[in-house]
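Below you'll find only one chain, the form predicted alone, shown as structure tokens.
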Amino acid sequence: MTVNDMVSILDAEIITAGDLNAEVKTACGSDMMSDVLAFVKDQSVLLTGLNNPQAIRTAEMMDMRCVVFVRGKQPAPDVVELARQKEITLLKTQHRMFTACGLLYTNGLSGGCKS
């Protein structure tokens, strides 16, 4: 699945675009960045309601290409600028995290977490 596919599946708004043709194979949904750092194993998409710079810094550390803000969360301009500098795509969807994760899962994206 590509980031562009995710835009369509999630009916998402592109806040800032990195590589929209980048292929993603896994996703992780969490508002706790410590869990993302501890349990995510592959390059993934991060779905979160945490719309502060910590989400972008976590995505950068984990080599993630895309962050999806759920529940219609709008990041502040400094967060958008940080993502732009790091070439991380930011998306925003009105779906709740559970629904957004389910939509991606049913369309072929697997979980990117290890237990």
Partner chain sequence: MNNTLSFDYIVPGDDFTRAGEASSDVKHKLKQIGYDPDAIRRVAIAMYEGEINMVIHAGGGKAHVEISPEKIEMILADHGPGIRDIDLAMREGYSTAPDNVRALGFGAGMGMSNMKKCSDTMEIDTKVGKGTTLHMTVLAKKKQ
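Positions refer to the first chain, counted from 1. Everything numeric in this text was worked out from a predicted model, so none of it was measured.
There is another form of the same protein, the form predicted in complex with its partner chain; it is not shown, and what comes next is about it.
Each of M32, L50 and R57 comes within 4.5 Å of its partner chain in the predicted complex, counting any heavy atom. Contact check for M61: a heavy atom falls within 4.5 Å of its partner chain in the predicted complex. Using a 4.5 angstroms limit between non-hydrogen atoms, D42 touches its partner chain in the predicted complex. Its partner chain in the predicted complex is approached by L37, whose closest heavy atom lies within 4.5 angstroms of it.
R71 falls outside the set of residues with a heavy atom inside 4.5 Å of its partner chain in the predicted complex.
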